[in-house]
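What follows is one chain in structure tokens, specifically the form predicted alone.
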Amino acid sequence: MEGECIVFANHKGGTGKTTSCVNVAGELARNNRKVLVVDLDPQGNATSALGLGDEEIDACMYDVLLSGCTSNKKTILEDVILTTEVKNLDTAPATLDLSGILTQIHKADNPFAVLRNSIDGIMGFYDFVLVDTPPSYGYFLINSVYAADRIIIPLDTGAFTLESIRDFTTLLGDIKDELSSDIDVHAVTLTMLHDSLFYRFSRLLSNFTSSHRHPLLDVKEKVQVFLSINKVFSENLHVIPYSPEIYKAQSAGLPLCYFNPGHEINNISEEISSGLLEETG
């Protein structure tokens, strides 16, 4: 079976893209699938969340993408792949150098296909290639969506969640029309990234009155309605609660299912990975 490219994308920051990507990758690897995480964010958060520092990186995704833009230097994706402490899980790292590719992209024959062309060469070696993207509307996001077989969209649970998903729907439609790309949104995650005083207070109130609704329920219901009436999206919606264990796992350089195998959030990553496994056979 040739591998599938799964992209974690949202133009907004702080939605849990890296967290979702790394933990789904860990679950897939735990299920004996060969997995590659491609870090396409110059901040390199997925790289560090998998236990790799700059001192271990000789070449990164900047070198790979630069090779797709110019003929001066040839670095293929296979040249930059590093193993992690997790069996079956490799990564193609990113460093801050990656931001420099934006000055070179105009030199490519097809600027929006550079990532896809780079990934094509290794798809036969991996069951899944997972791409972590930065928050932007620009080159990295469009390249990733164009390379994707499936997309997973992490959302936060803030006041602008619906605006965010509507904007992203528009963006996907534009990419589909302009680049004639088939887009399959496999899942949407709602991520509670911090245990704010607002949510703590709402939970406290719910202990005293049965009529009080947790604000997350309202957000979840609105997103479910939106997904159900928009054919671009799957109705595959997962809510990921806040937990400090996620950040402890990232600091340790491990997916949560390896850092704390018994944690309840692993059930959500397992649901998402199981869906991917079922659809790909």
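None of the values given here were measured: they were computed from a predicted structure. Residues carry their position along the shown sequence, with the first being 1.
Here the subject shifts to the form predicted together with a small molecule, a form of this protein not shown in this document.
Contact with the small molecule in the model of the complex, judged as any non-hydrogen atom within 4.5 angstroms, is confined among 52-60, 30-38, 65-73, 242-250 to 242-250.
Each of Thr15, Pro135 and Ile265 comes within 4.5 Å of the small molecule in the model of the complex, counting any heavy atom. Although the partner is absent from this view, Gln224 stays clear of the small molecule in the model of the complex, with no non-hydrogen atom inside 4.5 angstroms. Thr191 belongs to the set of residues with a heavy atom inside 4.5 Å of the small molecule in the model of the complex. Within this chain, Ser48 is remote from the site of the small molecule in the model of the complex, having no heavy atom within 4.5 Å.
Shown alone here, Thr19 lies within 4.5 Å of the small molecule in the model of the complex, counting heavy atoms only.
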